[in-house]
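Take a look at this one chain, the form predicted on its own, written out in C-alpha cells.
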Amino acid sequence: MLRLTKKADYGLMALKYLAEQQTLAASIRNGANPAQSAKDIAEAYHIPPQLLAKILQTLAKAGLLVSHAGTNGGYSLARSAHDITAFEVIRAIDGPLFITSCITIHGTCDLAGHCTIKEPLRKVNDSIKDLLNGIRISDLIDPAETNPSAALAGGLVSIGL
C-alpha cells in the first residue's frame, strides 16, 4: 500500500495552516500576514514541536517557506498557496517519489532484462506524480475555516428554491 510518511503529512498540514492564516489575514487584517510560529502550528494540529520545527526548516531550505527571525518570527509561504503543489512538499521532505526500486545501490535490478512490470509501474508512478502536482495547497483549505461570516453562521447552508 502506498502511504505518505508522517513527516510529509505534517508538512502538508503546516502549509495548509499557513495558507489559511494568509487567507484570514487578507480578509480580516487588511492584508497583513504575520509569520506563524512552529509552536502555533504544532499546537493547532497536535504535532510534536521538535519534529515540526525540523520539517519547517526543510521546507524553508527547499524554498517553499520563508523563515522570519525575531520575537515575532516564524514561517510564511514563499509563494501563493495556489502555486505550491502537494508533490513539491512531499518531494522536499521525502525525496523522489518511486513506487518501485528498479535501480539499487548496486546498479540496475538483476531482472532488468526480463522485467515485464517496469514500464507499467513507471506509468503508475507518473500518474501519481501528475495527480500530486495537480493538488495545490490552496485546494486543501476548508472555506469555512477562512471565511469569518461562514464561521459566524455556524456552517449552516441555505438553499434557495
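From 1 onward, residues are counted along the sequence shown. The structure presented is a predicted model; accordingly, all values stated were derived computationally and were not measured.
The form predicted together with the DNA is left out here; the points below concern that form.
Of the heavy atoms in L131, none are within 4.5 Å of the DNA in the model of the complex.
The closest non-hydrogen atom of I117 lies beyond 4.5 Å of the DNA in the model of the complex.
In the model of the complex, P96 stays away from the DNA, with no heavy atom inside 4.5 Å. Within this chain, L51 lines the site of the DNA in the model of the complex, having a heavy atom no more than 4.5 Å away.
Contact check for S37, A69 and Y75: all three have a heavy atom within 4.5 Å of the DNA in the model of the complex.
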